[in-house]
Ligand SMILES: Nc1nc2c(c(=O)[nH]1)N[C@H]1C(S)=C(S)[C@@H](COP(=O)(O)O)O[C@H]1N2
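The chain below stands alone and is given in structure tokens; this is the form predicted on its own.
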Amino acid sequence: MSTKPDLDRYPELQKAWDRRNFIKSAAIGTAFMAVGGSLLRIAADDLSKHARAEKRTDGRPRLPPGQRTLEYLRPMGGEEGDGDARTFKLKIHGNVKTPFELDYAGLLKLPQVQKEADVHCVTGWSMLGGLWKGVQIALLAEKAGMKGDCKHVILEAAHGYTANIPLKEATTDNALITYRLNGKPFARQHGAPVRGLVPDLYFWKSSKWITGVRFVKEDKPGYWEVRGYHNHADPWKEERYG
């Protein structure tokens, strides 16, 4: 797996990257492992530093406090769903006028979007600039005829897992039911075939192995929230625990 930094965005890391590749090609055993690993840590630290200096459109730093950058999603466990697109079903229900259900082919027939979004795990890592493809949760709300008194969205997943999300964050233009990241389907450990994406909240809110989107009038804390994690989960406020 490549650990190459984004040299287009951070050209000042080119020398460190070139040096890392030179050391790798020299194949000098354990000494290489020590030096090469240090270079990679330096590159990652520099990427994190630059990301903190960048600003979002809302004025907040791109990288929330207490986070460090990774190039790829890190597996975070959980009781997996079956991962098979052939058996996938997504139930859209709750406080709506016309509940409905989608299979995988039906999901793909809906209007699709691609959104670049960063994600931030409560354990302290962030993956920046992923290109996510899927269907906006806002579109599902519209299609189901969400009633005006809805205040929250519950993402339902395999084995009874749920995550509660305020309607505002759940219906932003980059909040998706997603099935592709950077042009590739998700591995099973990352929620295949379809997962949620709510990038403005800590990543546990982006349910893997998703089975349902439920629109509700009253909040209902989910799996991690009832176990002591913060009910809202804003990374920029470091809302990690309740």
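Start at 1 and count along the sequence shown; that's the residue number. Predicted model only: the values in this text are computed from it and were never measured.
The same protein also exists as the form predicted together with this ligand; that form is not shown, yet it is the one meant from here on.
Peer 1: Report whether all of F100, K147 and G212 sit within 4.5 Å of this ligand in the predicted bound form, measuring from non-hydrogen atoms.
Peer 2: Not a single residue of the candidate spot has a heavy atom within 4.5 Å of this ligand in the predicted bound form.
Peer 1: When this ligand is placed as it is in the predicted bound form, which of 56 to 64, 182 to 190, 212 to 220, 169 to 177 ends up with heavy atoms within 4.5 Å of it?
Peer 2: Answer to the contact question: 182 to 190.
Peer 1: Answer with yes or no whether R86 is in contact with this ligand in the predicted bound form, where contact means some heavy atom within 4.5 Å.
Peer 2: No, R86 stays farther than 4.5 Å from this ligand in the predicted bound form.
Peer 1: Is S206 close to this ligand in the predicted bound form, meaning a heavy atom pair under 4.5 Å apart or at it?
Peer 2: Contact with this ligand, yes.
Peer 1: Determine whether any heavy atom of W125 comes within 4.5 Å of a heavy atom of this ligand in the predicted bound form, and answer yes or no.
Peer 2: Flag for W125 set to yes.
Peer 1: Does G78 reach this ligand in the predicted bound form, with heavy atoms at most 4.5 Å apart?
Peer 2: Yes, G78 sits close enough to this ligand in the predicted bound form that at least one of its heavy atoms falls within 4.5 Å.
Peer 1: So which of A138, L73, V96, L110 gets a non-hydrogen atom within 4.5 Å of this ligand in the predicted bound form?
Peer 2: It is L73 that has a heavy atom within 4.5 Å of the partner.
Peer 1: Which residues in 212 to 230 have a heavy atom within 4.5 Å of this ligand in the predicted bound form?
Peer 2: Residue within 4.5 Å: W224 only.
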